[in-house]
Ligand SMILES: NC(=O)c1ccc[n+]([C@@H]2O[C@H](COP(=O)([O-])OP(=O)(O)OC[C@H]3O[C@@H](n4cnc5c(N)ncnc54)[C@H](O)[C@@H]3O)[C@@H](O)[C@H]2O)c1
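In the form predicted on its own, a lone chain appears below as C-alpha cells.
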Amino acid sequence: MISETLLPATGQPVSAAQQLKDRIRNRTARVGVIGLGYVGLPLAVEFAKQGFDVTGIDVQGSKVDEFNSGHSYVKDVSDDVFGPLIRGGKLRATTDFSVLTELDTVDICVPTPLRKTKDPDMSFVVAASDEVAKYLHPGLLVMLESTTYPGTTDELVLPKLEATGLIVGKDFFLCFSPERVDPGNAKFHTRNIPKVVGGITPVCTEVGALFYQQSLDTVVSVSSTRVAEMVKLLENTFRMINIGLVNEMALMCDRMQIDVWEVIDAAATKPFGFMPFYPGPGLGGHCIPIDPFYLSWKSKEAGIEARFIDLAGYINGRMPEFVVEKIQNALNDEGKPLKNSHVHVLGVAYKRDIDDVRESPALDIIALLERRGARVTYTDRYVRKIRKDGGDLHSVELYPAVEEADCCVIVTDHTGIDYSAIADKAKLILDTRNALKGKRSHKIVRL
C-alpha cells in the first residue's frame, strides 16, 4: 500500500500517482484481477510473465483451487505457460477480497449478462465494486474491463469508491478498459490486441495507460471512461448489424433460389467499399449477441430508439428457427416428417475450435428440434456435455451417428473434420457454415 513519502531534495510529498507510476515501472506493483474467466485469467498471465506478482480473486472456490493447482481451464492459455508461473510464485488465487489491501492495481473482469427483459444485469459489477470500496486505500488503481453501457464507471462504480472519502485522481485512480478477447483466435490474443483505456481524470488515464504498457503491445488512450465504454459497444454493434444484414440477405436468397455464399464471394472481390460478412445459424458468445443491447437500453434511457440494433437482433434471433425450417423442408422432400426423425448436430460451441456454448445457436436449434418431436444427437470434441431441460445431452461418436441420422446439420464448423466424407456418408446434410463449399450433391442443402 502506498503511503506519503518525501522527496529528499525538496522535502515535498510525492503524489500517490507518482509513487504508483514508479512501482509500475520497476515491476514492484502488486497486481490484482477480480474474475478469473476467459478474460481475467489470460490478463493475469500476461502481467505475471512480465515479472509482476499477480493475485487473482474469484468467488468460486472450485475455480480458485483449479487455478492454484497450475492447471489452465482457459483454452487460450497452455499449462506449459500457466504452470511455471504458479509454481514460481508469480501467480496465485484466492476467494478472500481482503487481499485488496495489499494490492496496487486491480482489474475487474466479471460477467455482465442481460436479463430476460434485455436490460443489463449489473449485479456482478456492483458486488465487485462493493468489495473494492470496502478495501480501497490510497494509491490503488482500479480498472473496470467488463463490457457495459456508457456511464457505468462514473455513475455506478465511482460513487461507491468516493463514498470512502478518498478522491479520484488524487488518492486513487479509476479507468475503464474494454476487454477485446476473441477466444480461439490464434493470431490475436491478450498481448497483441490494442488496449483502449480511458480514465475519470487525465491522471487516471496516464496511470492506467502506463500500467497496461508494461505487458501489452499497444495502448490507446481516450479522453474519458464513457468514450472507452462506447468503443466496445460500437465494435460489437457494427459486427452484429452487419451479420444481421447478411443473414437477411440469406433469407432473401433462399426464397429466390440464389446461392448467398457465391454472392458474397463475388462481392468480396471489390477492393474498396465492401467488407465480407457471412450468414450463419445465429449469434453466440458473450459479446456480440449481448453487448449491442446495452447500447439499445442506454439509448432508450436517453430518449433515442436504437432501431438498427433492435432490427438486427430480431433477424439474428430468427436464424435458429430458419435452420429448423430448412431441416423440416429437406426431410419433407425426402418423404419424412421431422417428428420422430433422427437429427444429428455437428458442433454445438458458439464458434469453431472452442469449448464455449454461451448463447450458442446450437442450443436453440436443439430445443426447437426436440419441441417438434425430433430425436437429437450431437458430436463436438470440445463440448462433451450440454445441460438442458429434461436432462443432459452428451456428445456421441461421429460414426455411426452420421450414417444413422435421417439428417445431419453443420452448426459449428470445427477445423480438422472431413466434412466432405461426412456428406458422402450422410443420408441428408444441411450446411449452415459453407463447410462444404464447392461440393455438389442432391443430399446437400445449404443455408
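Keep in mind that what you see is a predicted model, and the values were worked out from it rather than measured. The numbering used is simple: start at 1 and walk along the sequence shown.
Just so you know, the form predicted together with the named molecule exists too; it's not on screen, but the next bit is about it.
Across the proposed site, Asn247, Gly280 and Glu321 without exception lack any heavy atom within 4.5 Å of the named molecule in the model of the complex. Considering the named molecule in the model of the complex, the lone stretch of 202 to 210, 102 to 110, 269 to 277, 363 to 371 in range is 102 to 110 [heavy atom distance within 4.5 Å]. A single residue from the set Ala127, Leu234, Leu156, Leu251 has any heavy atom within 4.5 angstroms of the named molecule in the model of the complex; that residue is Ala127. Glu179 is the sole member of Glu179, Asp171, Asp353, Glu162 with a non-hydrogen atom lying within 4.5 angstroms of the named molecule in the model of the complex. Contact annotation: Phe293 falls outside 4.5 Å of the named molecule in the model of the complex, judged by heavy atom distances.
In the model of the complex, Thr190 stays away from the named molecule, with no heavy atom inside 4.5 Å.
Heavy atoms of Lys63 reach within 4.5 Å of the named molecule in the model of the complex, making it an interface residue. At least one heavy atom of Ser146 is located within 4.5 Å of the named molecule in the model of the complex.
Residues of 55 to 75 lying near the named molecule in the model of the complex, listed in sequence order, are Ile57, Asp58, Val59, Gln60, Lys63, the criterion being any heavy atom within 4.5 Å.
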